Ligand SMILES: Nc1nc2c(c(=O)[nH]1)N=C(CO)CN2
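What follows is one chain in structure tokens, specifically the form predicted on its own.
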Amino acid sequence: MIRSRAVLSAGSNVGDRLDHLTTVVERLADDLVATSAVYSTPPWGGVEQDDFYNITLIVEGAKRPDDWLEICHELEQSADRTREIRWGPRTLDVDVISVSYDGEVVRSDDPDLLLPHPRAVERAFVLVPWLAIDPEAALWTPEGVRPVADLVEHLDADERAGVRPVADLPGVGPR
């Protein structure tokens, strides 16, 4: 079976944020390549709510893109995630950002799993932690493959500054 490499983003702003993120890391431990520090980030999308704690993870395993998505949904369900308000508060949100096989980026326009994530280039809370664990990271965009470092540099300075490292998860550091 072909092995895939995926970049996932997880965030929480309801309940015990660190515990929710720890659960993600523990569930993905066998496939984990790297985990960022925990970053405090302002909410994205215009809904008034508490700040998020976010992490970015790189995972690798004998999984298809929809397998990664299924794991993300399982984690959200186990955290009692509800989907009442788009971009609203949530116990846990886990997104598949990018998936590749043997260095080839998977592109999908399936509405259930758009790949690479179409808004990742706009989100400092995804890109800043990703860059911290993979300085050579690149993301496919409609304009072509772009280094994550360049994408971060082109974000609004205030948005970049709003992504602040706050903690490492207990027992977890960059791998």
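Each residue number is its position in the shown sequence, starting from 1. Everything quoted here is computed from the prediction, not taken from an experiment.
Just so it is clear, the following notes concern the form predicted together with the named molecule, a form of the same protein that is not shown.
- Of the stretches 132 to 140, 145 to 153, 28 to 36, 119 to 127, only 119 to 127 has residues with a heavy atom within 4.5 Å of the named molecule in the model of the complex.
- Contact check for N54: a non-hydrogen atom falls within 4.5 Å of the named molecule in the model of the complex.
- Using a 4.5 Å cutoff between non-hydrogen atoms, P43 counts as a contact of the named molecule in the model of the complex.
- Residues are counted as partner-facing when one of their heavy atoms sits within 4.5 Å of the named molecule in the model of the complex; in 10 to 32 only G11 qualifies.
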